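Below you'll find only one chain, the form predicted alone, shown as structure tokens.
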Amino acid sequence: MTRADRFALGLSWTVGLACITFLMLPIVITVVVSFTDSPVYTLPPPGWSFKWYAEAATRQGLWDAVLLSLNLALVSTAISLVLGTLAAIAVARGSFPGREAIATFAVSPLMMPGLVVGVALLQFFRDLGLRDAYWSLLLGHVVITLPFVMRTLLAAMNAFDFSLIDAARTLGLSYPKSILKVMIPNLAPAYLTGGLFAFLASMDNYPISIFLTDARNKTLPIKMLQYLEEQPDPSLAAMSSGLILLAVIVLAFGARTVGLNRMIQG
């Protein structure tokens, strides 16, 4: 390895570590501040305490917001898995014109700013006469979670041998049963990956939810914004740390499950 190669390698590592530090620093600061004993955001913390976690747990309306966010995330992810499977099969197996346009349209909510999508959904639902906050939120979360599932499954289906489904049908299974018993088990890692990303995207969504909530139905991010306006203290950092921990657990579970699935298949 020449001196120029060593210099380029060292520069690459330096830039990579700098980027990682820049991206991770806000997360680290949030977690550190959540353990302070000060009533204000102070770095470095003058002392260490878990009191802000206890304070966060007693905030009025917090658990209702958590349950609503979990409900929306689970239900919208389940709906997106079903719709995403059907859409991915249509695009992967269909021979009709405009398949690529449909695939692009399905992920279009991720290409536009969330606030634009939120305003558009609000206007659309009002024109339809839909004023129930829960159903508006659920439909809005399906719109933002479907692209994660659709693109993940479509990429996996492009490498899937659909003759397995044809073989299952010749053995007496109907088309829906052959999908459930043959395709879904073989594409389990793709379903798990798409489902986990959809779940996290729904749990942490703010720009769409803010336009669709009402006084009785507020998701966790919207409730945290309300707390920030009313009483900004480190308990908000404790709530944020809880969301960070949830993301780490979900992704670690997904990575472990995908690894075990590959070991079993291998």
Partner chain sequence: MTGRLDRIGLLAVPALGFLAAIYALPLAMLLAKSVQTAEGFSLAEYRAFFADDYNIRVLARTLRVAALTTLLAFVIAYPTAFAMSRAKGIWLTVFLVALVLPMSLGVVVKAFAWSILFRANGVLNSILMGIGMTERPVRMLFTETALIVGAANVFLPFMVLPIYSVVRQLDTRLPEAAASLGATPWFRFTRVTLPLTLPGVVAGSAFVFSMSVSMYVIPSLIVGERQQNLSMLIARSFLYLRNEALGSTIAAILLAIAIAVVLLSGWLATRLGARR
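As the structure is a prediction and not an experimental result, all values here were calculated from the model. Numbering follows the first chain given and starts at 1.
There is another form of the same protein, the form predicted together with the partner chain; it is not shown, and what comes next is about it.
Put simply, residue 53 is far from the partner chain in the model of the complex: not one heavy atom of it is within 4.5 Å. A residue is said to contact a partner when one of its heavy atoms sits within 4.5 Å of a partner heavy atom; residue 185 fails this definition for the partner chain in the model of the complex, lying far away. The partner chain is not drawn, but in the model of the complex it has a heavy atom within 4.5 Å of residue 175. Within this chain, residue 211 lines the site of the partner chain in the model of the complex, having a heavy atom no more than 4.5 Å away. A heavy atom within 4.5 Å of the partner chain in the model of the complex is found for one listed residue only; from 157, 121, 81, 73, this is 121. Shown here without the partner chain, the chain has 113, 115, 116, 117, 119, 120, 121, 122, 123, 124, 125, 126, 127, 139, 142, 143, 146, 151 in 113-151 lying with a heavy atom within 4.5 Å of that partner in the model of the complex.
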